[in-house]
Ligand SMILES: C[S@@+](CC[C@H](N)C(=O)[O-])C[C@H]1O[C@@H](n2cnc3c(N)ncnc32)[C@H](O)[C@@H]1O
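First, one chain by itself in structure tokens, the form predicted alone.
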Amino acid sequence: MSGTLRSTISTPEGKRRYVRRLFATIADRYDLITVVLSYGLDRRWKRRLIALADLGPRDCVLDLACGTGDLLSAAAGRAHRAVGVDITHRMLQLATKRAPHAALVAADMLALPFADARFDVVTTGYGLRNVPDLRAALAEARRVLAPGGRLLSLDFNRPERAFVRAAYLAYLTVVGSALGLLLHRDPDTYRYIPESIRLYPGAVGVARLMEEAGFAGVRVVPLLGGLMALHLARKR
């Protein structure tokens, strides 16, 4: 199955279709999965991202791939306005409960329905790894940011050392298979995570793409010994 899945998500259109189906399936289990796969540290990492965003009462924040609304809820409590975007209707329903004061929009990260320079801050948790076209997603994030606006992203890393990467992906495959079987009666459900990491450029590669997209001051903050990473950048 892993070879078929890898082939499916290796093309933009194949990944687009697969990701849409996957997140519609797992939406109600999403919070549990993030807790398990982060050893319970997911909320701490998201609090750190929000702290690094340095939100002020005049900031307008856009949270991409907002999921169930963790980052969105935290941003809404600090900023002037917070907007969450996700392609999965069920995720938006769940986010409404967690972030009742935020605006929620069903939209694709690759075609955001907002004017240029509309936001001061763009955040995303586990969003960039899941888009079918990472360069296009970064271009859209930059487009909707005001000059000097901040971009912050939390995601899995792709370890550069081959033996660390192999062990990490093997662990995620085993745990993902067990969770898929337990929660969905399908061991392949969460095998997408390690397969998506295999095709992901990793923290250093994403930082390079951010610079190419027109971001400055790009910074990588390693988490969990480098298995996860935060990215911070500003629009030139």
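Quantities reported herein were computed from a predicted structural model and do not represent experimental measurements. Position 1 is the first residue in the sequence shown; the rest follow in order.
FYI, the form predicted in complex with this ligand isn't displayed, but the following is about it.
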Quiz item: Contact between F215 and this ligand in the model of the complex at 4.5 Å, heavy atoms?
Solution: no
Quiz prompt | Interface membership of L134, this ligand in the model of the complex, 4.5 Å heavy atom rule | solution = no
Quiz item: Is there any non-hydrogen atom of P159 lying within 4.5 Å of this ligand in the model of the complex?
Solution: no
Quiz item: Is D108 close enough to touch this ligand in the model of the complex, meaning at least one heavy atom pair within 4.5 Å?
Solution: yes
Quiz prompt | Per-stretch contact check against this ligand in the model of the complex, the hit in 75-83, 138-146, 161-169, 122-130 (non-hydrogen atom, 4.5 angstroms) | solution = 122-130
Practice problem: Tell me whether L151, Y200 and K235, taken together, all sit within 4.5 Å of this ligand in the model of the complex, counting heavy atoms only. | Solution: no
Practice problem: For the heavy atom contacts within 4.5 Å of this ligand in the model of the complex, list the residues of 11-34 involved, in sequence order. | Solution: V19, F23, Y30
